[in-house]
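The chain below stands alone, shown as structure tokens; this is the form predicted on its own.
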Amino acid sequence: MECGGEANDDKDKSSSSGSLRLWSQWQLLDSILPTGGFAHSFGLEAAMQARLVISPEDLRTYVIHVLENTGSLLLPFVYATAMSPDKQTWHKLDRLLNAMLTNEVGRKASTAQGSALMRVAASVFSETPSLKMMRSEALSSGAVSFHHAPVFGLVCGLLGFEAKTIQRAYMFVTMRDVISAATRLNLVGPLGAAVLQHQVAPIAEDLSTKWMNRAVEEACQTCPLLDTVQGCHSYLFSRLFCS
């Protein structure tokens, strides 16, 4: 009887641990988390001023292209750090991504969001002390640039999330932020934004599946025009977003 009781206790602890991970996952995806994602438009503001995005259909196409680029270029970095959430892997992939992002605007946006995410995660998820320790060491040494994709994979991996969930979450955050930017640029209203997000979700799932579990050696740009447009953001006469 005692063995049965111990088994039930272990089962309850396992169930409780899984439930707590879900709460952490939801908090990580919550827009209230101050990671600075809403300060960036993923080049949408520059595309709008260049008249590349002027209609709802243009916006939908742009969001899909952003997701395609995110999946092909950044998802491999998220996956790699999630599978090996340690200091050595993080530093290596951060340096590699820093070399691959030739667009200065995009590079600065990535480091700003990654640095904010690492700061918030180290403070919020105190049950994972390695986050605070790794952040402190990185700040002291200056060895990393804190790019967002590797930091996201690192945080999620240390919190114990599943690899597929982590990669879908990264695609979701990207979709959420670019559509939010479209709302503030008056390209779509709040209700229209919600409808658009729901309509694009099946495509986001297909793209997530397409680029999921890929090695960083396969990372590539599939929509280079987006990278070019985002690079023009710093030349805009007036701008609402940082990128």
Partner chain sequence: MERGKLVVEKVGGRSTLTRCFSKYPFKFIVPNKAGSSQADAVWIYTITYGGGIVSGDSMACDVTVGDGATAVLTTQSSTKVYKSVGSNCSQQKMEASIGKDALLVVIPDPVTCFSTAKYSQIQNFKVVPESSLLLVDWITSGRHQRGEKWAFSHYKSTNHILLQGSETLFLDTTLLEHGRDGSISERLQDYQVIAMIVLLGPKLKLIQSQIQENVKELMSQQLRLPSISAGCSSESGGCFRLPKPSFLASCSTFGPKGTGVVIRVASMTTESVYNFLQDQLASLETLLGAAPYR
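Positions refer to the first chain, counted from 1. The shown structure was predicted, so the numbers you read here are calculated from the model rather than taken from an experiment.
In what follows, reference is made to the form predicted together with the partner chain, a form of this protein that is not presented.
Visitor: Looking at heavy atoms inside 4.5 Å, which stretch does the partner chain contact in the predicted bound form, given the options 157-165, 92-100, 120-128, 136-144?
Guide: Comparing against the partner chain in the predicted bound form, the contact stretch is 92-100.
Visitor: Heavy atom within 4.5 Å of the partner chain in the predicted bound form: which of 201, 191, 54, 215 fits that? Just give me the one.
Guide: After the contact test, the surviving option is 54.
Visitor: Go through 63, 207, 181, 196 and name the one with a heavy atom inside 4.5 Å of the partner chain in the predicted bound form.
Guide: It is 207.
Visitor: Do all of 104, 221 and 227 end up near the partner chain in the predicted bound form, with near meaning a heavy atom within 4.5 Å?
Guide: Yes: each residue has a heavy atom within 4.5 Å of the partner.
Visitor: Counting only non-hydrogen atoms and a 4.5 angstroms cut-off, does residue 235 reach the partner chain in the predicted bound form?
Guide: It does: once the partner chain is placed as it appears in the predicted bound form, residue 235 has a heavy atom within 4.5 Å of it.
Visitor: Could you tell me if residue 29 has a non-hydrogen atom within 4.5 Å of the partner chain in the predicted bound form?
Guide: No, residue 29 is distant from the partner.
Visitor: Does residue 48 reach the partner chain in the predicted bound form, with heavy atoms at most 4.5 Å apart?
Guide: Contact with the partner chain, yes.
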